[in-house]
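Heads up, the chain below is alone and in the form predicted alone; it's given as structure tokens.
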């Protein structure tokens, strides 16, 4: 079957008030942005045609990101360059959403393997909290219960899935940089790690924030 559209992949940030836009509302927001920007986005065929937009890795509500991915198509009879698409979208997107770059996708989303996060724990006792977090991460086993796709739960050793953790204490917060599995085979929500650690911590914690900073492929490179 010959394609009648051009594949485009956009990387966008989701920050500020936009973190409270749910995944479903994000889809609607993008659809409206395409329409207002007069971008000839491709529609599916059949009895109920609709705009084709795909987000290969959904972001949890309340989390920020520097690297969200959105795949879509542009009608071939009215082509646009990826840069023109990005500029037009940015002129219509609400505050907190911004297309960082757009290009022809080079790999399948099935090759997504992991994501890197910055998790900030805010506390009046950052030194104590930092030591607790380091001790928590140094355990040989971190047993947790993870929800399955079918609605059940399964027991896993979270320690096996935590990669390259870095802990830094500064001012009123402790920053944890960490990579977690993400993709088709297994996906670990950073909230699972957060909840597990908080259940063991005695240091006062006023707030926790999460930012996704990178999406990685099977080779540990930036997913493109």
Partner chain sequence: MLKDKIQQIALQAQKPARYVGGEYGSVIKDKSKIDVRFAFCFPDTYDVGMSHLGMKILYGLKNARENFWCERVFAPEKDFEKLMRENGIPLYALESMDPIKDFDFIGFTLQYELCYTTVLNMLDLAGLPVRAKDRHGLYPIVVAGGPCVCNPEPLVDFIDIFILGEGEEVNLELMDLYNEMKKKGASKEEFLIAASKIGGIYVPSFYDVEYNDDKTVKAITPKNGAPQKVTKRVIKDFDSVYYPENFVIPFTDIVHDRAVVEVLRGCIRGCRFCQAGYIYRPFREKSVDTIAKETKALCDNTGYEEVSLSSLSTSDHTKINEMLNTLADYTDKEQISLALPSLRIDNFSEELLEKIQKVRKTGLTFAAEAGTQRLRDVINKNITEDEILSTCKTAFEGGYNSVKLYFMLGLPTETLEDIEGIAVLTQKIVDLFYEINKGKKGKTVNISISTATFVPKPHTPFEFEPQATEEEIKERQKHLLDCISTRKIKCSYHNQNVSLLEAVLARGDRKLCDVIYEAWRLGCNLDSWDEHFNFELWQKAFERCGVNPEFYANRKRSFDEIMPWEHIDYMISKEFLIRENKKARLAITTRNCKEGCSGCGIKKECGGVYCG
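Just so you know, these numbers come straight off a predicted model, no measurement behind them. Numbering follows the first chain given and starts at 1.
Below: the form predicted in complex with its partner chain, not depicted.
Note on the interface: of 41-49, 179-187, 156-164, 65-73, the segment with non-hydrogen atoms within 4.5 angstroms of its partner chain in the predicted complex is 41-49. Contact here is defined as any heavy atom lying within 4.5 Å of its partner chain in the predicted complex, and by that definition each of 21, 25 and 61 is a contact residue. Heavy atoms of residue 207 reach within 4.5 Å of its partner chain in the predicted complex, making it an interface residue. In the predicted complex, its partner chain sits beyond 4.5 Å of every heavy atom of residue 105. The shortest heavy atom separation between residue 196 and its partner chain in the predicted complex exceeds 4.5 Å. Proximity of residue 79 to its partner chain in the predicted complex: non-hydrogen atoms within 4.5 Å are absent; the residue sits far from the partner.
A single residue from the set 139, 120, 83, 92 has any heavy atom within 4.5 angstroms of its partner chain in the predicted complex; that residue is 92. With contact defined as any non-hydrogen atom lying within 4.5 angstroms of its partner chain in the predicted complex, the contacting residues in 16-38 are 17, 20, 21, 25, 28, 29, 31, 32, 35, 36, 38, given in sequence order.
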